[in-house]
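Below you'll find only one chain, the form predicted alone, shown as structure tokens.
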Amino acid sequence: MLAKRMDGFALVTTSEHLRSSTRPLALVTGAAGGIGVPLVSRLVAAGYHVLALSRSGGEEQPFVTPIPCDLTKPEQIEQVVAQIAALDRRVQVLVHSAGVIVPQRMGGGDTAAVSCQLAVNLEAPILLTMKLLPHIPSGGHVVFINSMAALVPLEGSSIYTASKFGLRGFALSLAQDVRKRGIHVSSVFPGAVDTPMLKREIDNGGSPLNFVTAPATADGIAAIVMGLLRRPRAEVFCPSSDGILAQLMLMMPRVWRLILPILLKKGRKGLRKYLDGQGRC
């Protein structure tokens, strides 16, 4: 058995085959859905043994150890890290892929949704990284799958936007903290990614700015992460043209306000095209 019940949630155990594996370890959050699924497959194909964190856990696969963990509960994160530390193995790659968005306008809304977004998108990556750093060797790599919302304010999704702005700041500061230890830090900034999370966002009134360009595929973003592991870079925006525009607009808020109506019009057109392709119009 790879997991057992303890204090109301599952913890990974120090299985002998994992201890003795010669494959480098990679830990991925949000491993059971969205970008996480193709990313785990690509990491295994590249020779890693993956510790796959998700709320539901999942079934054990060759070179994949599922770890049930609710990222909104700090005590679960700490317990999981303690179990990983007991393996007496280094974590070569840490990828923060988990994310959640609940569109809602300020002045009303659900405070529980606020807490959940901040916990999963910002607090959990900070806590997990902080606790795992002693187990990441020189040459190790921490990757944050962020969002273009870290640069572009999304109307109706202010909490998600705030969490992603914060995550970018954390990643940039972390890179300075660990540079002398030889640990790489990278962030990937997709626009929309065609996942169940995007579909839920659409159904709940998400911003049309997601569709200024066509959504990327989950496997396409996973491929970008794998490229970063081979050739580290601090930040990658996808598509790169959106990243250039977003960074310019972030430096010039007045210009952003002027160009926003044009982008919204383009985004609504892109959304209609996406929905047509999904057979939802």
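Source: prediction; values computed, not measured. We number the residues from 1 along the sequence you see.
Just so you know, the form predicted together with a small molecule exists too; it's not on screen, but the next bit is about it.
Participant: Quick check on this chain: which one of Gly169, Gly205, Pro196, Gly182 has a heavy atom within 4.5 Å of the small molecule in the predicted bound form?
Facilitator: The option sitting close enough to the partner is Pro196.
Participant: Answer yes if any heavy atom of Arg55 is within 4.5 Å of a heavy atom of the small molecule in the predicted bound form; otherwise answer no.
Facilitator: Within the cut-off, so yes.
Participant: Can any non-hydrogen atom of Gln79 be found within 4.5 angstroms of the small molecule in the predicted bound form?
Facilitator: Heavy-atom contact with the small molecule at 4.5 Å: absent for Gln79.
Participant: Would Asp70 show up as a contact with the small molecule in the predicted bound form if we use heavy atoms at 4.5 Å?
Facilitator: Although the small molecule is absent here, Asp70 would touch it in the predicted bound form, with heavy atoms inside 4.5 Å.
Participant: Taking heavy atoms only, is Ser187 within 4.5 angstroms of the small molecule in the predicted bound form?
Facilitator: Looking in the predicted bound form, residue contacts with the small molecule do not include Ser187, since no heavy atom lies within 4.5 Å.
Participant: Considering the small molecule in the predicted bound form, find the one stretch among 28 to 36, 58 to 66, 252 to 260, 239 to 247 with heavy atoms no farther than 4.5 Å from it.
Facilitator: Result of the contact check: 28 to 36.
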